[in-house]
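We begin with a single chain expressed as structure tokens, specifically the form predicted on its own.
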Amino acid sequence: MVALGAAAVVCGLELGAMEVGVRRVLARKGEQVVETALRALSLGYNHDQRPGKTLPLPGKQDNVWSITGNQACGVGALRGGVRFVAAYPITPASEILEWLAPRLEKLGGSLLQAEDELASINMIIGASFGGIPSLTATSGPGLSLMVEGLGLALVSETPVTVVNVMRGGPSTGIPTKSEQSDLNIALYGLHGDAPHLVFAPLSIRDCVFTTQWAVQLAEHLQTISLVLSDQSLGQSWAIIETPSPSDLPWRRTIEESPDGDYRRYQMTPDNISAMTLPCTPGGMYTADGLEHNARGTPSSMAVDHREQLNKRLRKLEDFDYGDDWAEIEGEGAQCIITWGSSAGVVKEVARQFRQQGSEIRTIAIRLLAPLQRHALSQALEGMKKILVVEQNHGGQLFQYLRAQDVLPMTASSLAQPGPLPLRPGRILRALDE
């Protein structure tokens, strides 16, 4: 009640109106409870009414949102063009679906609650094959079930996006707590040589841009995008500056008038071949999980397999992702590398360093695959101390960067599993050690 009174002042609400509300809500508890609550309300309301003291009352603010990371992912999906979503509810991703359902309908799209994650992934593959940008949202156990379907989307070059809101694992794990422990399955979980896109939003506000970017790159590059959010980002509320609409140019290339010799998977300079939509005259092709030649005809020939492997790899590795692959801040000879929600606490540590007059560089990686090795190597030049910070037990990002040969042997790892969040003091001690 005291806090409610103080909040009423800040919000510009009248004490009398608050008292009416308190009486209405607490009347059944008896007059003594009501009077006690009203006294507490008054204490909070008048807590800072000292002579000469003026409480600032906020005016209308049109440039801020109150939003969660899950809702922000939904905004990014809609901005990216998603108009079909199929998903099975799972903690902590369900709010994405709840937020999207009514808004998709207003935009002419639809959301279907599927019977399980196997159905979800196949439904969005089918919708995308029909030309509709499509998305599903899940968490670790659901992503495990989707792996085979993701392979089908990848080899048939049918764009889909999966937002994976990570939680403590493995198996059922800790469903309501955060952990960044799905990086390995996101990077390596598909069988065969299966290059694809993996993203990680760096804040609640960044969930908007990163999800939009992931959707549009999946569409343009005709591949799968995995977006690794987590419970900490997804279910936390924040007041953020309104994210400006990102006018990203990436769209799916559609062949509307095939010339009679349509080759769905033909080699092109950028390794992106135009798709036809179902019922396009002269545009029929085979789209299944089998390896194929340029026409889509199933083939087990070594030359076809190698050509299509190269096609699916080169279109991702040769694409120019610009500067959005990471957020790089600061200078100095010390560097902290991180990803996803851990970027917040790492930036807090960097602020403390700078307040003390020290310099430190932070690199928060947004595009995890394909890793921008050359750009990351350049950002690490001259660093005498490198610490990789993440919230999982095995140091999954650290091991990945080691495997990609971008870390010197002197680099160190701070890998802390959930459910407790990373704290600045722990990172500062690791830097000292």
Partner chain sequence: MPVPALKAKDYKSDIKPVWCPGCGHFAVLSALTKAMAHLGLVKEKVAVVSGIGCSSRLPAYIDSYGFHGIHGRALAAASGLKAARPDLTVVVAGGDGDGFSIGGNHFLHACRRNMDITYIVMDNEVYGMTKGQASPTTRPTWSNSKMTPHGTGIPCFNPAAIALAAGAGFIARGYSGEPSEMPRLLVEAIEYPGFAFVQVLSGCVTFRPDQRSWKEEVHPFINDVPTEDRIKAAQIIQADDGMATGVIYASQYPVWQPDNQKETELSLLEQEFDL
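For clarity, every value in this text was computed on a predicted model and none was experimentally measured. Positions refer to the first chain, counted from 1.
Keep in mind the form predicted together with the partner chain is missing from the figure; the text below concerns it.
Checking 173 to 181, 344 to 352, 213 to 221, 119 to 127 against the partner chain in the predicted complex, the stretch whose residues place heavy atoms within 4.5 Å of it is 119 to 127. With the partner omitted here, the residue from 248, 277, 194, 272 that has a non-hydrogen atom within 4.5 angstroms of the partner chain in the predicted complex is 277.
The candidate spot formed by 149, 158 and 239 lies fully in contact with the partner chain in the predicted complex, as each residue has a heavy atom within 4.5 Å of it.
By the criterion of a heavy atom within 4.5 Å, residue 365 is excluded from the residues contacting the partner chain in the predicted complex. In the predicted complex, the partner chain stays beyond 4.5 Å of every heavy atom belonging to residue 89. Residue 335 falls outside the set of residues with a heavy atom inside 4.5 Å of the partner chain in the predicted complex. Contact annotation: residue 286 falls within 4.5 Å of the partner chain in the predicted complex, judged by heavy atom distances. Scanning 90 to 121 for heavy atoms within 4.5 Å of the partner chain in the predicted complex gives 99, 103, 105, 106, 107, 108, 109, 110, 112, 113, 114, 115, 116, 118, 119 in sequence order.
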